[in-house]
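Okay, so here's just one chain, in structure tokens, the form predicted alone.
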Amino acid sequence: MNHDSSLVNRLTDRLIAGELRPGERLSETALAKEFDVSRNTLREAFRVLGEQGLVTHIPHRGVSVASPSTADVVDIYRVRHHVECSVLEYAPRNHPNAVRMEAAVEAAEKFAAEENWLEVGTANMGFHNAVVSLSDSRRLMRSFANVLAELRLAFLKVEVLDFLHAPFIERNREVVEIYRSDGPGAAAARLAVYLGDSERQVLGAYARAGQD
């Protein structure tokens, strides 16, 4: 992996973890120092992230974290339906990465008990990342990381984290249990309903917040 792609991955991981906020201005000087890279390397990483829709570049104002629109949310969920449900439907019944799904649910339950909703969100991202890991495709995993980063920005934009995450902790567990007991096809069907409900909740939160 070259230096530029490694930096892109590290910045994407920060987005998924909710450490960078929608609309936040990114300082070249501070980030170059933090990651111990040249500003040229950082600019190349920004270029790649811009192509992925994760940052925006405004002439004379620099680079900022992207702020997903309502149309972006609809498209994010369109991709999620295609990718997550297909991967789960065709996954082997006893894929070893299913333990990652279970671990993510357990982490979310722990953080919910502490009312640490930012970490619940990170655990939720981990659950959906684990679902896609059932594909055994590194390329698909890399692509889906961009989708998760955009999704996290959408959640942070409306900042109703308990409302958005709390109902889905138990539903994540249901997906895992159905996968274990009834098989991948049944779990994928449950996940499809779940994603539809999640999309409606996020779009509703956008509408209430007056977001476009």
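Position 1 is the first residue in the sequence shown; the rest follow in order. Predicted, not measured: the structure shown is a model, and the values here were computed from it.
Just so you know, the form predicted in complex with a further copy of the same chain exists too; it's not on screen, but the next bit is about it.
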| query | With a further copy of the same chain left out of view, which of Ala98, Met125, Ala107, Val83 would have a heavy atom within 4.5 Å of it in the predicted complex? | reply | Val83
| request: Please check if Glu51 has a heavy atom lying within 4.5 Å of any heavy atom of a further copy of the same chain in the predicted complex. | output: yes
| query | With the partner left out of view, is Ser27 within 4.5 angstroms of a further copy of the same chain in the predicted complex by any non-hydrogen atom? | reply | no
| said: Is Arg43 near a further copy of the same chain? Define near as a heavy atom within 4.5 Å, in the predicted complex. | reply: yes
| query | Hey, in the predicted complex, does Arg142 get a heavy atom within 4.5 angstroms of a further copy of the same chain? | reply | yes
| If you check in the predicted complex, do Arg10, Glu34 and Phe168 all have a non-hydrogen atom within 4.5 Å of a further copy of the same chain? | no
| Contacts with a further copy of the same chain in the predicted complex - residues in 52 to 80 whose heavy atoms fall within 4.5 Å | Gln52, His57, Pro59, Asp72, Asp75, Ile76, Arg78, Val79
